[in-house]
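Taking the form predicted alone, here's one chain by itself in structure tokens.
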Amino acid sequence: MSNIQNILRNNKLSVTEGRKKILQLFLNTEGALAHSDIEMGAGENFDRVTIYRTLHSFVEKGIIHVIPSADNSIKYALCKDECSEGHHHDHHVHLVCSVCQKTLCLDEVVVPVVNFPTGYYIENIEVVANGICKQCNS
């Protein structure tokens, strides 16, 4: 059984051609993907709604996580093994490269603990840095 089928079955998702194709795109890509990247990579057999529903399922199951951008668009990246259904553990910094435009997860850079005033319940903290990735900087 392939790694893709294992990921889908372990997350109690049916193994469909669409899910396999979209998950393969994430496994083959360094960095994050926008909805339009997935549309182009998946081919004309997939409509926007199917892609959206697949991405939503993958986020809910902890397979991918959402990365917001400055222009209010969203990108998606693979989660690490610590994520599970309803529990994302993506406390790392994301870098948007100003040269190649890739959005990368910097897993080795942990978001610092931020203490909020009493009465606030914070569900998620996201840190997006803008700069130059190591490939473009060499």
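The term rigid core refers to the maximal set of C-alpha atoms that superpose within 1.5 Å between the two forms. The numbering used is simple: start at 1 and walk along the sequence shown. Predicted model only: the values in this text are computed from it and were never measured.
There is another form of this protein, the form predicted in complex with another copy of the chain, and it is not shown here; the text below is about that form.
Between another copy of the chain and the residues T50, T29, S69, S36, the one pair within 4.5 Å by heavy atoms in the predicted bound form involves S69. Residue N124 is the only one of N124, N10, Q24, T16 with a heavy atom lying within 4.5 Å of another copy of the chain in the predicted bound form. Proximity of Q101 to another copy of the chain in the predicted bound form falls outside the 4.5 Å heavy atom cutoff. In the predicted bound form, another copy of the chain sits within 4.5 Å of a heavy atom belonging to L106.
Proximity of I74 to another copy of the chain in the predicted bound form falls within the 4.5 Å heavy atom cutoff. Although the partner is absent from this view, L55 stays clear of another copy of the chain in the predicted bound form, with no non-hydrogen atom inside 4.5 angstroms.
Of all the residues from 116-138, those having a non-hydrogen atom no more than 4.5 Å from another copy of the chain in the predicted bound form are F116, P117, T118, G119, Y120, Y121, I122, E123, N124, I125, E126, V127, V128, A129, N130, G131, I132, C133, K134, N137. Relative to the superposed rigid core, N124 undergoes a CA displacement of at least 2 Å between this form and the one not shown. With the core superposed, N115 shows a C-alpha displacement of at least 2 Å between this form and the one not shown.
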